[in-house]
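Next comes just one chain, in structure tokens: the form predicted alone.
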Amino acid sequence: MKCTRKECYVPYLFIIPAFIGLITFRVSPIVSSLWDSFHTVSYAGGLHTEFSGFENYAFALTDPTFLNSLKNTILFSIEVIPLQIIWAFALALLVYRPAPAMGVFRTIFFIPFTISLAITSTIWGIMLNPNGGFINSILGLAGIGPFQFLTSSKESLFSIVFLVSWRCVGYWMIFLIGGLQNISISLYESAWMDGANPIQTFLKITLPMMKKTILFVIVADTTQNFLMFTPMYILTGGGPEGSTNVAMYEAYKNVFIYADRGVGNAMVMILLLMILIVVFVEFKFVKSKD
């Protein structure tokens, strides 16, 4: 049965606001950054732009500070993405079944995400302070520490990894709960009748049926963490010794501190290209065959 003209076009009217927001806040900034990355911007005697070709990219790719920030970005992502996914999946498995008080536990796990990243960073910065911070005070009672969580080049990056994971796992847990609840209970009942144990049902039913949800969470989490720099900006300023100076923070400094829009936006484009490559690899390894 064919839809009438009104029935065919009305659904598109409802998604127009979403497309306008997407173009305004996502597509337009990317296009603007791409344009700026091929130009040299001067503020002498007013705003002037001059086409410079790939000079900004050449400078960025030979800048030791930016190359170090790319390394830090990769290290940060390698640590934070698996930690968040595994942590969120474990929480989802604990609370996805309907039972008394499960809604309370889901809310408790999700609450950290409702706090802005800036406020979360500030609070954890106070707690991780090596001089009288809450965490070191507790560890001191057990005769451990003190640790230089945010002032040591060996500990600062993982401290931020833990902070970010603590805040975000509840958010990714919600998506994974949705995927778990969509798995038909009849699949588990059939497996139990055939004598499958919990590990076998997890490996043969839960994981395969969750591939699409897990892929979405991995891709979204990858994009978020590659572009993250708020905790580094607030807590360490990219230090100590450049150990937390990630690529997005270096691009931010070039644009807003050094007033070099061309180089800063070239760094952003390089980072976006890295994200596309990583996401492509993730699709190849995780995507469901169906």
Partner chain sequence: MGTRISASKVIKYAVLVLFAVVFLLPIWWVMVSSFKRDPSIFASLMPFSAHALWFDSEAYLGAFRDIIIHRNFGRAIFNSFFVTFSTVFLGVIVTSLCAFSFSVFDFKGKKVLFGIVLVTFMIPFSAIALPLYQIVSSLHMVDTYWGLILPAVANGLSIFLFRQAFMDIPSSYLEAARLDGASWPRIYLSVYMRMSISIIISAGIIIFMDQWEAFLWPLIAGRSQAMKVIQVAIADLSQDNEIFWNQIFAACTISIVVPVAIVLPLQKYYIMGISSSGVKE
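Definition used throughout: the rigid core is the maximal C-alpha set that superposes within 1.5 Å between two forms. Because the structure is a prediction, the values reported are computed rather than measured. Numbering follows the first chain given and starts at 1.
Just so you know, the form predicted in complex with its partner chain exists too; it's not on screen, but the next bit is about it.
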Which one of these stretches, 66-74, 22-30, 238-246, 50-58, sits within 4.5 Å of its partner chain in the predicted complex when only heavy atoms are counted?
22-30
Looking in the predicted complex, any heavy atom of Asn265 within 4.5 Å of its partner chain?
yes
In the predicted complex, Lys154 touching its partner chain (heavy atom, 4.5 Å)
no
If you check in the predicted complex, is Thr230 within 4.5 Å of its partner chain, heavy atoms only?
yes
Though only this chain appears here, would Pro100 touch its partner chain in the predicted complex if you measure heavy atom gaps against 4.5 Å?
yes
Position in contact with its partner chain when the complex is considered in the predicted complex, options Ile214, Val169, Leu150, Val80, heavy atoms within 4.5 Å:
Val169
Considering Leu207, Ile144, Ile126, Ile185, which brings a non-hydrogen atom within 4.5 Å of its partner chain in the predicted complex?
Ile126
Suppose contact means any heavy atom within 4.5 Å; which members of 238-275 contact its partner chain in the predicted complex?
Met248, Ala251, Tyr252, Val255, Phe256, Arg261, Asn265, Val268, Leu272, Ile275
I want to check Val27: does it shift between the shown form and the other one by 2 Å or more at the Cα, with the core superposed?
yes
Once you line up the core, how about Gly140: does its CA shift reach 2 Å between the shown form and the other one?
yes
